[in-house]
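A single chain, nothing else alongside it, follows as structure tokens in the form predicted alone.
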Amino acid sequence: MVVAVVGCGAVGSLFAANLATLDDVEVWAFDLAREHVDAINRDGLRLTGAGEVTGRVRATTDAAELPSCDFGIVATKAMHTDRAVAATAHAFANGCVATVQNGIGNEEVLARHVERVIRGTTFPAGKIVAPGVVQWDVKGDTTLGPFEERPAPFEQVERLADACSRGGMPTKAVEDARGPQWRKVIFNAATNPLGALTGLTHGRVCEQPALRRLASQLVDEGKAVADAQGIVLDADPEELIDYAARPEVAYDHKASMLQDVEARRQTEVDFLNGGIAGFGGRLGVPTPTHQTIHALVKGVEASW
């Protein structure tokens, strides 16, 4: 099996490094960060923290170097999806491509470039601490399922899920992956921007009663939007927020949106709070809290 990870940031690196420990999987990584790619090719891709792994990955900044692949795993920031997949689509002409990205709408972008798409949701998280080195902060499960408009064959979804699980990233194949995806979208949209706006880790956000109530308001609006689409969540995002706040889970984790704000990078708020508000507008479901949070984060970006 040949797998290419498109976007070898923190989450992409978790998949790439773990899959590369398998004897029956050849792993490639496409990323534009030259120092990161050079370090991976020289020393391997190293994970520290929640797991200690060094994977031998073939990394490149040149999409033309990617071979024909059985699977692609797209892990770029949502705003970079179109450009990244357009550049790498040739490698997946006969394969299937999964997204494990944050937010709403990535599958639709993939479907403009490739024929067989997998809807994915993943909870592991971390951060790059040096070229070729990723701190693995949070373990968690991944769910994969066929994207309805351009579905990958379910047996191929199962094949990729099996490889990820054997490599140390527990992954389940399901027929309808919308429930897990919206559960995470609602969770992320309720917590990530609060960390980004306050500078607090997940656990510290939850310790502030006013912020915790605000997170619940965001969850309630997100649930209403999911319900209007007939999506059944596979778990309650409220429970996930409190679970993640435990010291042994993600109390000290800085959400990816906070990491972006600290680095003065564009955030994914358009695909989280903006995405939920957009669906709400089309479905006639009020989302005033998401609209407010979206405006505040965009204001922070504008201040740079």
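Position 1 is the first residue in the sequence shown; the rest follow in order. Since we're looking at a predicted model, the values are computed, not measured.
What comes next is about the form predicted together with another copy of the chain, which does not appear here.
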{"query": "The unique member of 211, 87, 129, 233 whose heavy atoms fall within 4.5 Å of another copy of the chain in the model of the complex", "finding": "211"}
{"query": "Partner-proximal stretch of 165 to 173, 101 to 109, 191 to 199, 138 to 146 relative to another copy of the chain in the model of the complex, 4.5 angstroms, heavy atom", "finding": "191 to 199"}
{"query": "Within 4.5 Å of another copy of the chain in the model of the complex, all of 217, 289 and 300 (non-hydrogen atom)", "finding": "yes"}
{"query": "Interface membership of residue 11, another copy of the chain in the model of the complex, 4.5 Å heavy atom rule", "finding": "no"}
{"query": "Contact label in the model of the complex: residue 293 to another copy of the chain, heavy atom within 4.5 Å", "finding": "yes"}
{"query": "Contact flag, residue 204 vs another copy of the chain in the model of the complex, heavy atom cut 4.5 Å", "finding": "yes"}
{"query": "Contacts with another copy of the chain in the model of the complex, stretch 237 to 276 (heavy atom within 4.5 Å)", "finding": "none"}
